[in-house]
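Quick setup: one chain, the form predicted on its own, written in structure tokens, and binding and motion questions come after.
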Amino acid sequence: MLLRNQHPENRSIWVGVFGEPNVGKSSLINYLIGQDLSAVTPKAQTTRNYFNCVFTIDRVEVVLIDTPGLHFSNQEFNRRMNQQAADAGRRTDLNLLLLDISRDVVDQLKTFCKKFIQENEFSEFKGKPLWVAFNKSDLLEENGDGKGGRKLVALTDLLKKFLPPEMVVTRVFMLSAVSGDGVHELTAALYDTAPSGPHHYRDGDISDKNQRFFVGEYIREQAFCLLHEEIPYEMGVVIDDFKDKDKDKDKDKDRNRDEPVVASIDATIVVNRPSQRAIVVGKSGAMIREIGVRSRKRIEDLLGGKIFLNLHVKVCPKWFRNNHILEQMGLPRAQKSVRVWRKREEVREGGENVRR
């Protein structure tokens, strides 16, 4: 949506942030917008949907698109996450590839090339400027002369060696999304590169997603931090009900409270097996209470007031293949999606109509 009556000197730029899981995409975006908006955990695949985050420098609007980490899997759920990243690439003016300097850069480049070139899922990258940022520079001293200790010049040579000729890297950065080292060079480059154009978000807006979306993200974030092994990756969150108390007819009931309730939220944590439900609930409900306590604090910081949060845990076998649940989580069907279920067909057997 374009804003009306804009200043003629306004500029804007759309930047897609890509990379493998856990390279620090969401951490970098949170640092740039100055708020812990994106969910961040030590576990891979925390980000499952792409969404826009916005910050403004003078008259330059920078729209950053946070994307799921690139990975390989034939699961329907993973196909849809990769499709989210591919869809984000269609909307960008330039793309920023984030590489983890503390890990093997060569392996990350090979993954990038395979996903973007061999499988041809990200053809939108061709013809657009590509910037590369080597993140986690704060870990270089810990790594000494190991894999993370390569000089920036040597790393640039690696990019030329592994990236295809049609993908020309125009800028390279060394930074840390934790300490902020080198991030100012990235923001300065974005400011200088942004073309003339209208702003798409009002002053004060920081994302295209609503509060309901981030509530689900924060619940899943806290569950990721508290749970271990395979459970986080076979777990999802669905927001069943989100009532804004300011619009509730019964809001007067809350006015006598020291801290008025701003929202009432019902959410379901979806797991794959009954044994996982037992772990998420915990002994005497201890785990689900702790998830609720931590999530509530994050959500209250977002909404700016006290909330009621009611969490449930539901077993949905193979939910990551269920079209209805995946749609509820904001993951539409991907280009390479398999049929999640087959439509019932009426066939004639022995002169009678039979459904199968």
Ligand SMILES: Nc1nc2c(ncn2[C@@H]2O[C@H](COP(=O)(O)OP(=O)(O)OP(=O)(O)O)[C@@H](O)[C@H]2O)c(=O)[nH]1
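The first residue of the sequence shown is number 1, and the count goes up from there. What you see is a predicted model; the values in this text were computed from it and never measured.
As for the form predicted together with the ligand, it is not shown, yet the points below apply to it.
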Exercise for the section: Can you check 155 to 163, 170 to 178, 89 to 97, 274 to 282 and let me know which stretch has heavy atoms within 4.5 Å of the ligand in the predicted bound form? Expected result: 170 to 178
Exercise for the section: Decide whether residue 21 counts as a contact residue for the ligand in the predicted bound form under a heavy atom distance cut-off of 4.5 Å. Expected result: yes
Problem - Heavy atom of residue 80 within 4.5 Å of the ligand in the predicted bound form - result: no
Problem - residue 47 within 4.5 Å of the ligand in the predicted bound form, heavy atoms - result: yes
Exercise for the section: Answer for residue 33 alone: is it within 4.5 Å of the ligand in the predicted bound form, judged on heavy atom distances? Expected result: no
Exercise for the section: Find the only residue in 322, 328, 41, 52 having a heavy atom within 4.5 Å of the ligand in the predicted bound form. Expected result: 41
Completion exercise
From 138, 234, 244, 107: within 4.5 Å of the ligand in the predicted bound form by heavy atoms is 138
